[in-house]
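This document starts with one chain, in the form predicted alone, laid out as structure tokens.
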């Protein structure tokens, strides 16, 4: 049986989350926008309850939570939703890091087609953005700074507290893509300087197709976003459409479990990482994700001389892993994240991402190492 080790791509669903979803599909299937009868009233209550569960994890108000189809839509709303405000005020400068997810980079690039200017902040060899470069890049007309909480390829936790200090006296809106870290690293995204946070259900043992954009108010006023699609005034006029109550309830339950089970989950994933590092050490890999600076849910290693695609295929009967993010893996291109960290081509083309969770089954690491050893012997490295 193949053990799934690609939880950075998507996670298995928490059993209690599956139960909640099934209930709101099969029994309590009312429309939250129709509180004119018990079905609709209960659906609206379920949505409000889920908002509260998510808000508690980030320490915001429940009405700060705007439901979306996932982190990609939330990122687009946070970035493209500022377009009109930026054009009106003349604040057309954008900042993000070179290691951001494509769901952030591409909306920002779209704004440059409308006359905005974007500055990319480099990452250091440790995979963390260089905060001093951010400070240098800031201008009076900077509208938006977008940084991730945790990198999706390396698992490296970004220095959000340092970013907050740099932005302390600046008017720029700060967006954090927390798709990978939400529910796993609890403290950094509670910082009151963060204006917008994107999250996704399927990264925290919840359902696919649901996420949220969390809007933290400044002096009682939310960021000046404009809706991207039209057809109703749901979600405070920012995101129309019938709310998917089963998915929302599932996301709320996933957030509740993340907070309640945090210590237990952390112990499990840390144990798996220790086993993995001990086993893989025999291969003398290049470690791209320092254990001291990354979530214990990940290991990213390079085995120069063994193409990543070859290793993934050889391991397929034992473990399921990846090399880059799911959104770019189909291109088979080397990791732009590792390239931004200054890694040479031999390491970017041989990078492997192992990612697990508290629901992961036992891994036969001895077989994994044997397969990779055989590949190395075959290639003569």
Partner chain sequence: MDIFAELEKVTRHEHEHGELPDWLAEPIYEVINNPRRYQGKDYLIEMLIDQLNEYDVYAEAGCCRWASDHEDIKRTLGKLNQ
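This structure is a prediction, so every number in the text was calculated from the model and none was measured. Numbering follows the first chain given and starts at 1.
The same protein also exists as the form predicted together with its partner chain; that form is not shown, yet it is the one meant from here on.
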Exercise. Considering its partner chain in the predicted complex, which of 352, 46, 57, 315 comes within 4.5 Å of it through any heavy atom?
Worked result: 46
For this session: Could you work out which of 91, 101, 256, 216 is the residue within 4.5 angstroms of its partner chain in the predicted complex, going by heavy atoms?
Result: 256
Problem set entry | is_contact(residue 136, its partner chain) in the predicted complex, heavy atom dist at most 4.5 Å | no
Exercise. Looking in the predicted complex, any heavy atom of residue 339 within 4.5 Å of its partner chain?
Worked result: no
Problem set entry | Partner contact for residue 53 in the predicted complex: its partner chain, 4.5 angstroms, heavy atom | yes
Exercise. Any chance residue 38 has a heavy atom within 4.5 Å of its partner chain in the predicted complex?
Worked result: yes
Problem set entry | Segment assignment from 104 to 112, 289 to 297, 162 to 170, 256 to 264: heavy atom within 4.5 Å of its partner chain in the predicted complex | 256 to 264
Exercise. Looking at its partner chain in the predicted complex, which residues in 7 to 21 have at least one heavy atom within 4.5 Å of it?
Worked result: 20
